[in-house]
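In the form predicted alone, a lone chain appears below as structure tokens.
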Amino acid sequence: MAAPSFGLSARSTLAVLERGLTLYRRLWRASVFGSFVLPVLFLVSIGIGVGGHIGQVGGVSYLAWIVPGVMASTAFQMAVGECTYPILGDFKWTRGFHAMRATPVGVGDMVCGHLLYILIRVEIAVVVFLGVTALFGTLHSPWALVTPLVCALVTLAVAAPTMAFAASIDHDSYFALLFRFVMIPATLFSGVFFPVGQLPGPVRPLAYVSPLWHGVELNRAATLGAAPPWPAAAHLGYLLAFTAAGMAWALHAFGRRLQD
């Protein structure tokens, strides 16, 4: 069988995006709780409930401190969720990507079109969450307006390698390993709920390698008007490098899978 095309065209990429949005228009009700309600519940239960006992962190209320972390972790978890079962399903069960292969749509169009679809999903959820948090008076700087862009970078950095992983496996049981040993630890140890500086020294590097930690710190610097622990260029560079490596892996994994 001939090797699949790796071409990339705006028209084909938008066609893949349109497919994703068409499917989502029929299934959006199932995602309302996880995308919009759950982050607000975290805000109320942990930010206000637990925060009432904690008091202040870094000179601000715990609620204001936790908001940027919950925002970034929402983007992180949505990106992982949209790149696991939907990707494997389109390869193994519905053969949607194989159907695309019979058209002028190339591997690059498939990867970029799905990433654009996820970006739209995440940006809508993040902007709504940002508006809700503004009502609580948790935004202390006009730089908070750039947090959707930071979340977009976190989404790309996480979604691309997750897509590659989903395209490389043949059984959905591997997702349980991904959730237990990658997604949950990354959420817990990336500075979302407590400062990374409180972790034991040997454990901190595990937080630094997570794209989520870089997104959390950039978001926190933006909403609080404070300097991030690393130069902003270093955080952005790490997220861009992670995205580039994930894209390269995704293109290779998709091309290899479409040869079966």
Partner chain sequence: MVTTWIAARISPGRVGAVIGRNVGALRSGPAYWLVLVSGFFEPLLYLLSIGVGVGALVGELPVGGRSLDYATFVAPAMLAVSAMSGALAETTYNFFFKMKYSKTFEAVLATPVRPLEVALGELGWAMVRGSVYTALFLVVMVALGLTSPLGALAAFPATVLVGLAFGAIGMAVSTLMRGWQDFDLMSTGQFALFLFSGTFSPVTDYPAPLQVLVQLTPLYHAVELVRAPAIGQAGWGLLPHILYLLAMMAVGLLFAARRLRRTLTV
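These figures come from a predicted structure and were not determined experimentally. Residue numbers count along the first chain shown, from 1.
Keep in mind that the form predicted in complex with the partner chain is not shown, yet the notes after this line are about it.
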Worksheet item: Are any of the heavy atoms in residue 124 no more than 4.5 Å from a heavy atom of the partner chain in the predicted complex?
Response: no
Discussion item. With a cut-off of 4.5 Å between heavy atoms, is residue 146 one of the residues that contacts the partner chain in the predicted complex?
Written reply: no
Worksheet item: Is residue 91 one of the residues lying within 4.5 Å of the partner chain in the predicted complex, judged by heavy atom distances?
Response: no
Fill in: Partner proximity in the predicted complex: residue 230 to the partner chain, non-hydrogen atom cutoff 4.5 Å
no
Discussion item. Counting only non-hydrogen atoms and a 4.5 Å threshold, tell me whether 25, 108 and 134 all contact the partner chain in the predicted complex.
Written reply: no
Worksheet item: Based on heavy atom distances of at most 4.5 Å to the partner chain in the predicted complex, which listed stretch, 160-168, 112-120, 173-181, 97-105, is the contact stretch?
Response: 173-181
Item to complete: Report the residue, out of 46, 196, 60, 70, that has at least one non-hydrogen atom within 4.5 angstroms of the partner chain in the predicted complex.
Response: 46
